[in-house]
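Single chain ahead, written as structure tokens, the form predicted alone.
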Amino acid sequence: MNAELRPIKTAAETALSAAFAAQKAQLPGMASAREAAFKRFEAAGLPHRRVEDWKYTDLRALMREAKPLAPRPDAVALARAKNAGAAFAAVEGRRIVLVDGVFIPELSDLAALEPGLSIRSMALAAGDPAIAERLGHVVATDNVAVALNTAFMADGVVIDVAERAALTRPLHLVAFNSGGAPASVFTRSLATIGKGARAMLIESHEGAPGNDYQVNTALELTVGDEAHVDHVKITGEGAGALHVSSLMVAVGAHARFNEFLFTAGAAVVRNQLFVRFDGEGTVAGIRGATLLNGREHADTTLVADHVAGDCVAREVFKSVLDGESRGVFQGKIIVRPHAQKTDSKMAAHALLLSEEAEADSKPELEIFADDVQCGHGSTAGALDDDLLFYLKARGIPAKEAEALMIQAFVGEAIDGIEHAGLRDTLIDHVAAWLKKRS
């Protein structure tokens, strides 16, 4: 007689199972999709170091408990969120505000929407068959974090930009965590940019400093043929936060797609990107900058899947690591058999400012075509002593010389952002981080 082997559940996994059983009837729509996703999570459990994609970010160990689902924000939470995203005022974007995972129209800028632009709540749209048909199908993945998000997703936004529409203002999705009590937030958003349209979408995530909360957020983005789309995500959560983000992007033919990740905050961050090139002749730039201190941990995991040929993609990620922080980059370029003439290059560079900081890098290529130009590279090291001496020899104090070199290192990635106001704002964020460090 063979005994049935059952994996031992952690306290967090047990709490998530209890929360789903108690809350699933109250969650908006998509009941069958939720059930299927949660079964996927229950079968796999929280990802751990024996799962290759999570080797450097053992979520089972890092997430020792699951916080209760965040309640609907009250008047106090809304008052705290009134000035959320104010640091990006120079961008002059159209604010779309989520507080504790709930879309708040009264704090959002929804007046006089440009022709062809539609913005609505995911919770209210969940019963729409057209939404159900798209949700979870932009880029299919069996990722456990995405499955957990699908099971618990409560609200988010649905953004539609019609064909040939050109938005004059960036859309600024502000996700604010009020920090009233330890809680977990699950948001899911869906954005569809039509053929030939032009749009910029900025996500900023922020929360009360020092509070212990958990965020699992996901965005599905469809970029139509000949469209031009910029997506920028800024993670500046509170110091005690655990933040897991998933971006699933399907890019059409002859499009331009630019992605930028900026991370400077939270105890643990996992940014995972699944980008699929469905059409020929597309040009993409995927970049990122990460600033870590103390015992912060940030993981950027990218899968760039070239299904169609003749696409050009450049991926560049810069990390600055101080204290006992740990930066992780995992990047995979996949070139399918019919994706001939693909030109894709990926680089990850880490700057270590202390003996205790750690950088882990794992670039990969999977190429099934024979007429391609693909490559990857990775570096990790300290500040250049010769350059530092050169600056100090010209009368620049040591700390200021270090700051100039760090700004130049990170600025190479930030300079790829087309919007001047946002570019300047992020440079200011780097300067503020450096000032706090000194």
Partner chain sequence: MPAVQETVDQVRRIDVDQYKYGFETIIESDKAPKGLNDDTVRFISAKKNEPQWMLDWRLDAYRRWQTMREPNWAKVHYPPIDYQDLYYYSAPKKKDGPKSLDEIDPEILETYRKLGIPLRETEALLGIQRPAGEAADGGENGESGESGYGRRVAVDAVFDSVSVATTFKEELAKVGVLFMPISEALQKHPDLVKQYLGTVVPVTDNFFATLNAAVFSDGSFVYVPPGVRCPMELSTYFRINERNTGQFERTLIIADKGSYVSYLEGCTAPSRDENQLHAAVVELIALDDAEIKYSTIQNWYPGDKNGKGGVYNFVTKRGDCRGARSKISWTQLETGSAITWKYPSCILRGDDSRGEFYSIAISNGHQQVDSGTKMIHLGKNTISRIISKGISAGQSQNTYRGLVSAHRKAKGARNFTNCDSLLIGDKCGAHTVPYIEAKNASAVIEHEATTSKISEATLFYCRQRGLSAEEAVALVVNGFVKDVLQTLPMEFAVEAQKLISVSLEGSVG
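Residue numbers count along the first chain shown, from 1. Note that this is a predicted model, so its numbers are computed, not measured.
The next section is about a form of this same protein that is not shown, the form predicted together with the partner chain.
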Would you mind picking out the stretch of 24-32, 402-410, 61-69, 378-386 that comes within 4.5 angstroms of the partner chain in the predicted bound form, counting non-hydrogen atoms? 378-386
A357 versus the partner chain, in the predicted bound form: is there a non-hydrogen atom within 4.5 Å? yes
4.5 angstroms heavy atom contact with the partner chain in the predicted bound form for S361: yes
Verify the contact flag for Y56: yes if a non-hydrogen atom of it lies within 4.5 Å of a non-hydrogen atom of the partner chain in the predicted bound form, no if not. yes
At 4.5 Å between heavy atoms, is A44 in contact with the partner chain in the predicted bound form? no
Only one of E366, E92, D74, D128 has a non-hydrogen atom within 4.5 angstroms of the partner chain in the predicted bound form; which is it? E366
From first to last in sequence, which residues of 319-353 have any non-hydrogen atom within 4.5 angstroms of the partner chain in the predicted bound form? Q340, L352
